[in-house]
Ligand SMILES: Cc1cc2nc3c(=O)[nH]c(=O)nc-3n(C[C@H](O)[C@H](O)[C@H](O)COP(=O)(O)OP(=O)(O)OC[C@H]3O[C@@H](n4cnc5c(N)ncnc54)[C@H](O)[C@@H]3O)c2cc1C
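A lone chain, given as structure tokens: the form predicted on its own.
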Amino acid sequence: MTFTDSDPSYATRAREIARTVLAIGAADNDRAGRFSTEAVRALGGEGLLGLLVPAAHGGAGAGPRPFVDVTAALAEADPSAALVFVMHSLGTTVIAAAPDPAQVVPLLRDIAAGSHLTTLAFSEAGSRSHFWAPVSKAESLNGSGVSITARKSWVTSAGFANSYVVSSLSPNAQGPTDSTLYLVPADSPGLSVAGAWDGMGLRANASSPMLLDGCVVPGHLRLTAEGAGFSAMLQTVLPLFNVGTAAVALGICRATVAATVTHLKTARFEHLGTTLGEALPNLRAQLATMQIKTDQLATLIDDTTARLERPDGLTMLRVLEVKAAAGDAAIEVTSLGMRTCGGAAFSRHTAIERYFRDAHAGAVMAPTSDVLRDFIGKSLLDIPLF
């Protein structure tokens, strides 16, 4: 399948998947906490799992803007599936940047063909929201690779991905940033899902903890130079992660505004012969605020994406700002949607209640909004982040 970076079919295909697959199962999957294998198959079938795979290896070779457009389109129907796509795309980017590309070309071709789902396994309970600082430490196997024992938390697609991009302190690490990234296939002995996922929101993305118990990773599956994991997490992963999760929030905001508009146009005061939207100016004002917040977020995401495409002195500041702002916007817009639609939203007659729960995940997903604000303040005061 051939794409170009300006090809409008990226978002068009994502919207079609959202309409024909995601929207149909999203409510039931949320209720049951069920991972959507149908979504993954659809993304693979339309070539979107290979969106960030280099064209030389059969992928689209796309950049940040198509990634953002696809993510937001998916999130309007199912934020859980959108986050699965984000984490897969980030894993793909790390794999494609491996120091020995020849070792991962077959895997990249499988991803481009839609037959391989990957994801990240960075966070650990011991370092909590500081995902860049694993507490696990790889053990050298005398030149034949490493053995990793670790308890990973919040692993999106846990038990469903075909591979995991895992962080661990390097065998000779002297500090918390001396880490390395490794590729761990799903069938590796010692790798297991360590518990069920039962979150308040994003319930259908299988973000379960995972256990690595002496997992042996051969040398050719090391994805960064020794000790270069920290740099890869901050320079390769963090920018796309922040703008990707912001795009999920944008999709949530857009869907909430659309659902609120529908409610205000159709719910009626029968005794007055008017709709709620016609009768109540306070509800119109709340809807206007929702739209303003959504458009502001879209503008910030657009600016951040442009600076990722053409980096400048403000790029990292925007990267830090965009996720923090997105978390705030999604919570405010969905909260206003709940209030504006009242009993209809509270009793789940609309999808707004689901979006309200999903929106709160962004603020607690590492790096959390509080951590990002600390980083932004340090950046403005010329204080080193680490």
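Counting begins at 1, following the sequence as shown. Owing to the predicted nature of the structure, the values given are computational and were not obtained by experimental measurement.
The following text describes the form predicted together with the named molecule, which does not appear among the structures shown.
_How about residue 130 - does it come within 4.5 Å of the named molecule in the predicted bound form, if we only consider non-hydrogen atoms?_
The answer is yes: residue 130 has a heavy atom within 4.5 Å of the named molecule.
*Does any heavy atom of residue 160 come within 4.5 Å of a heavy atom of the named molecule in the predicted bound form?*
No.
*Contact of residue 248 with the named molecule in the predicted bound form (heavy atom, 4.5 Å)*: Output for residue 248 is no: heavy atoms all beyond 4.5 Å of the named molecule.
*asked:* in the predicted bound form, is there a heavy atom of the named molecule that lies within 4.5 Å of any heavy atom of residue 9, even though the partner is absent here?
replied: No, residue 9 sits far enough from the named molecule in the predicted bound form that none of its heavy atoms falls within 4.5 Å.
_in the predicted bound form, segment of 311 to 319, 181 to 189, 151 to 159, 96 to 104 with a heavy atom within 4.5 Å of the named molecule_ = Looking at the partner contacts, the answer comes out as 151 to 159.
*Decide yes or no: are 82, 258 and 356 jointly within 4.5 Å of the named molecule in the predicted bound form, with each residue judged by its heavy atoms?*
Answer is no for this spot.
_Just to confirm, with a 4.5 Å cut-off on non-hydrogen atoms, which of 75, 111, 121, 253 contacts the named molecule in the predicted bound form?_
The residue from 75, 111, 121, 253 that makes the contact is 121.
*Would you kindly say which of 207, 304, 242, 92 lies with a heavy atom within 4.5 Å of the named molecule in the predicted bound form?*
In short, 207.
*For 311 to 336: residues with a non-hydrogen atom within 4.5 angstroms of the named molecule in the predicted bound form?*
None of them.
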